[in-house]
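One chain is shown next in structure tokens, namely the form predicted on its own.
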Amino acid sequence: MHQRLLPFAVAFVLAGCGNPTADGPKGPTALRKVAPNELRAPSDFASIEDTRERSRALFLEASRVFTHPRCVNCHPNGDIPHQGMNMQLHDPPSVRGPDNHGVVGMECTSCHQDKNQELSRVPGAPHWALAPIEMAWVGKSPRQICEQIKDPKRNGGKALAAIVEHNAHDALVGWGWHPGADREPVPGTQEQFGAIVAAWAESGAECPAEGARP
């Protein structure tokens, strides 16, 4: 009897009627593949119908910039800046100082001017300094960075609109795309990055799950 039923059962499964995922919930929408030095556009996330999920996915895309060494090096979890793609401690030795601009006689601007120095290879941009310790990103996950960015107690009292403006137009943030010498820039352009951050804010500024990575 079982032998007579077996062909029918196999046909039933192959037809999809016995497949629990055939008409069930679909997995995450596949995003357009991009090169490591590119950023996706907000329109690439339009296929994610759930607004909260779309917001989380947008932040993960933005975190490709936030977690890049060009950015993280100036967001240390201690008092010493990092440098290079392997994020070694700053050489020559320097420390944060009371206002994140170094200490007397060794201020950040003692070496870092308002633009890159071609011959000496010293990077530079307006207002060169470390991010406040409350905004330390070294060793932080995208979710932890997201929560920091949204928290007015840690982000300098900024509302979402100010966060978008800062990331889209601040000259020091913009240095990440123009680091000079042979340094690897962060992905995309500042304009594209600003659009991603704006879309994240407009979709509810949701934070991705702990463990989620771009």
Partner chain sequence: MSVRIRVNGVEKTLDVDPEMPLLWALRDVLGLTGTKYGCGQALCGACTVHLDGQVVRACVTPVRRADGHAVTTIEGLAPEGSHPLQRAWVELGVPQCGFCQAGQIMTAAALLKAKPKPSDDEIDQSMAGNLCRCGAYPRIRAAIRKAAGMPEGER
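Positions refer to the first chain, counted from 1. These numbers come from a predicted model, not from an experiment.
Another form, the form predicted together with the partner chain, is not on view; read the next lines as being about it.
Taking P93, G84, P126, G139 one by one, only a single residue has any non-hydrogen atom within 4.5 Å of the partner chain in the predicted complex, and it is P93. Only one of 67-75, 140-148, 127-135, 101-109 lies within 4.5 Å of the partner chain in the predicted complex by heavy atoms, and it is 101-109. By the criterion of a heavy atom within 4.5 Å, Q88 is excluded from the residues contacting the partner chain in the predicted complex.
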